[in-house]
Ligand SMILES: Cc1ncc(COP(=O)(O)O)c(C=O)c1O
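Single chain ahead, written as structure tokens, the form predicted alone.
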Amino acid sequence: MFARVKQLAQEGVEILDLTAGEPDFSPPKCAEEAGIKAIQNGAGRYTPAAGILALRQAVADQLKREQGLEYTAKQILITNGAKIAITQALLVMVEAGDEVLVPTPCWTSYPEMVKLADGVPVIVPCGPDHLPIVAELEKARTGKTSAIMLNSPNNPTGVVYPESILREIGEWAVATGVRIISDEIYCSLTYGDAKHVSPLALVPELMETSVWIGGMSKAYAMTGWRMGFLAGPYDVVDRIGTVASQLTGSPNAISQLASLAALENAGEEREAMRKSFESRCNLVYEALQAMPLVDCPRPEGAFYAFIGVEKILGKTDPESGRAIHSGDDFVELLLEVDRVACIGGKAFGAPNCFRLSFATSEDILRESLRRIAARLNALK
């Protein structure tokens, strides 16, 4: 869908694009200035494969300050984006044929990443509130289960897993020997009363077996700088570092220095971006609540709303003649007729939903939501 939107734009078709998984803000000014200075100083050369020590220490400091997780700099690995951090963790932690539990809805890359590691993704549907159910995880567990993928705040649902659920999953994981790969890339983006807590902080024994994933893309709007972070036990991080040295080599040197500046100095800008996302979140949720033909839990984190369309299945759009049998069908209709681009839920393991990103301006959101409401009301 992202590629189609870009192609239509190149053809001169105006699209209201709600597909983006990246902030529409500029990176923090201090990060940009640090990057420019690094280039001018000739710093664009190889670094250690695990990343520069100062940045590893800054990540460890932030994890202790904000998540209550105590890691040394040597337990931190800097990677070329959080995506490769997850993949490299799977390559080390999963043997051929191992099963990895993937609660859904989930980010579309998780099952494919498991397959790249010669593992077997085991899809475990969440409850109607999009929260994992420990009894269902246990039912899906076999003697081959080695790990579980967790993502909170969640993409695509915007749900922040409550402390009680995370503690229950963490204690279950320790008792059963299942490792957790905890993708917390959106940990700084929560709204209202929602509070992010890492399962590794709630159940400290997990720090001996599991890994934490973060990065600069979401909270700092540094998507194209490709900076990810991984934290874990010494032996696991050491092995992942060995994989990284062969697979990707050292992380981008300029991006590392820019990220160091952002971690140390961009707290106020990060909070300003979070507040803007919260305002947009409220706008989107209030508009969706006024649409009786769709269902959507209040987004609590990240920058997505995940919208259920069960009430319109079987309906037809009179203007196009298109019948709606899934969230993907409705997304196709919105793009074709209303020039609003969203992502169908099939990609996330929830075919009767679609994802709307509010990482765009409030003007675009208001007009998009107006068109969506009008299209829903037109269905017969």
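Numbering starts at 1 and follows the sequence shown. This one's a predicted model, so the numbers in the text were calculated from it and none came from an experiment.
Keep in mind the form predicted in complex with this ligand is missing from the figure; the text below concerns it.
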Just to confirm, R167 within 4.5 Å of this ligand in the predicted complex by heavy atoms?
no
Even though the partner isn't displayed, in the predicted complex is A262 close enough to this ligand, meaning a heavy atom within 4.5 Å?
no
Considering non-hydrogen atoms and a 4.5 Å limit, does this ligand approach P132 in the predicted complex?
no
Tell me, yes or no, whether R298 is in contact with this ligand in the predicted complex, where a contact means a heavy atom of each within 4.5 Å.
no
Contact with this ligand in the predicted complex, heavy atom within 4.5 Å, among Y71, Y220, Y110, F306 goes to Y110
The one option of H196, R239, R226, R141 with any heavy atom within 4.5 Å of this ligand in the predicted complex is R226
Can you say which of 94 to 102, 249 to 257, 282 to 290, 77 to 85 gets within 4.5 Å of this ligand in the predicted complex, counting heavy atoms only?
77 to 85
Using the arrangement in the predicted complex, list in sequence order the residues of 174 to 200 with any heavy atom within 4.5 angstroms of this ligand.
D183, I185, Y186
